[in-house]
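Quick setup: one chain, the form predicted on its own, written in structure tokens, and binding and motion questions come after.
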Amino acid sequence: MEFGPALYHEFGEAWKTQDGYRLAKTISPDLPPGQLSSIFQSINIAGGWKSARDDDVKAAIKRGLSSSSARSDGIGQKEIKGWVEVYFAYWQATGILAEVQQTSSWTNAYEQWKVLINALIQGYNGHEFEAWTIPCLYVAGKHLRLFAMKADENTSVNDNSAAAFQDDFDPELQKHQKLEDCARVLNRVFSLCLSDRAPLEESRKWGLYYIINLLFKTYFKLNATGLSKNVLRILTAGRGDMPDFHTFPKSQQVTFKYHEGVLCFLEENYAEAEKHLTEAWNTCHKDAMRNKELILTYLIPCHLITTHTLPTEKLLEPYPRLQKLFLPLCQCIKKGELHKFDLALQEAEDEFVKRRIYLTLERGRDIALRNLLRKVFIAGGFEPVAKEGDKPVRRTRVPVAEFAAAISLGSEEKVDNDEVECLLANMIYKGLVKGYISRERSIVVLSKSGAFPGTGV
């Protein structure tokens, strides 16, 4: 597409049908460098693009937009003026993006793209842009975030090479400078959508969840989950004037519920996290394997804490990475192998810490210990039957020494009886074992019904 009949035709047709997604494609940078360069060089003014002045370029764009939209009803000169600023910013961006492959000047690309999104914001605030055009905000916001990350990566490489000559250099200081700036711009877009007072059928609030999801991704990258919680609080306060959540596109619902679930997970509110992540899992498209893998990364630890259940091999089969992470732990938990559990946790520690699930999975050791204690209980057999025909009853008075021997074997280190009593007391307190400890007799008296809740024993 060039700055000529093709682009102006698309603008006019999108306006005629009020197709926001078609309109958004006219400002997309997802084009090969050669095509971006062609767009930049195709501006139709006397003397060509090399000698073009800003006013001449804007005048050419205005003529093209006005002529293409003449067939459409409802577009006024005020709106045309706003779109001229948007397409002028886009025209400048294509020139920078066409060269970025050679110069790696992503900072310039980011700054110019910010001019474009600011032009869009101004269009909604001052040039009466209509709500059906909000997919343009999607395209602009999505690429602003991508360009910000690339600019920061580029700056980081340059700063690291300069650091060798500066004793007081702080590499963390500007690590995410552009992404932080991007978050501020996206916050303006969020406020722009949230504050719209138009009737819901023609409200900018239909763009809220897309922008919120971009903010979540940005804040997560910045490790600023507190700011994500602020967004949730603002959203909760304004939900009375918003469209119903389930009327938004499913892709937006899944992304939002995933991030909401992870935020609850990080607060150790595992019941709420499980609820949101399960909703994201059930709504997710069956072929969106990457998204499903991300959801399972947090949903599996949630289930481990809330219901003490482990993922099956069948569930993990399509996800090799998750198999590598979770199956060794699951096998150790099932068998009650404490030492091997510690080794498996240590082996994948870097990935668990990166995903912020290490401390949660560490609690799985309690489940492994519970399973080990249950093995001792089952191995103890049944009490002698008083008379023939009576139903056998499992032995419920187990010497602490038997549990100590099992724990010493499972952890591969000698554990004395006092430490075992402490471990047993914690298990009883956490509800993983039902019973009490008789210190005088050095035995554990287990409940005759459900000594190990949820295990069927």
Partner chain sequence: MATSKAPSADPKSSSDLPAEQPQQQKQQTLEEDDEFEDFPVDDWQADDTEATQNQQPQHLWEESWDDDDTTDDFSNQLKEELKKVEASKNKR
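Numbering follows the first chain given and starts at 1. By rigid core we mean the largest C-alpha set that fits within 1.5 Å across both forms. On a predicted model such as this, the values are computed, not experimentally measured, just so you know.
The same protein also exists as the form predicted together with the partner chain; that form is not shown, yet it is the one meant from here on.
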Among 217 to 225, 194 to 202, 79 to 87, 232 to 240, the region lying within 4.5 Å of the partner chain in the predicted bound form by heavy atom distance: 217 to 225
query: Even though the partner chain is not shown here, does it sit in the predicted bound form so that Leu310, Lys354 and Lys375 each have a heavy atom within 4.5 Å?
result: yes
- prompt: Among the candidate residues Gln92, Asn291, Asn154, Gln323, which is the single one with a non-hydrogen atom no more than 4.5 Å from the partner chain in the predicted bound form?
  reply: Asn291
- prompt: So which of Gly141, Gly207, Gly123, Gly336 gets a non-hydrogen atom within 4.5 Å of the partner chain in the predicted bound form?
  reply: Gly336
- prompt: Is Leu409 a contact residue for the partner chain in the predicted bound form, using a 4.5 Å heavy atom cut-off?
  reply: yes
- request: Flag Pro399 as yes or no: does it have a non-hydrogen atom within 4.5 angstroms of any non-hydrogen atom of the partner chain in the predicted bound form?
  value: yes
message: in the predicted bound form, is there a heavy atom of the partner chain that lies within 4.5 Å of any heavy atom of Thr133, even though the partner is absent here?
response: no
field: Partner proximity in the predicted bound form: Trp281 to the partner chain, non-hydrogen atom cutoff 4.5 Å
entry: yes
query: So which bits of 249 to 263 sit within 4.5 Å of the partner chain in the predicted bound form, heavy atoms only?
result: Pro249, Lys250, Ser251, Gln252, Val254, Thr255, Tyr258, His259
- prompt: Do you see a C-alpha shift of 2 Å or more at Glu419 between the shown form and the other one, with the core held fixed?
  reply: no
- prompt: Against the rigid core, is the Cα displacement of Pro29 between the shown form and the other one at least 2 Å?
  reply: no
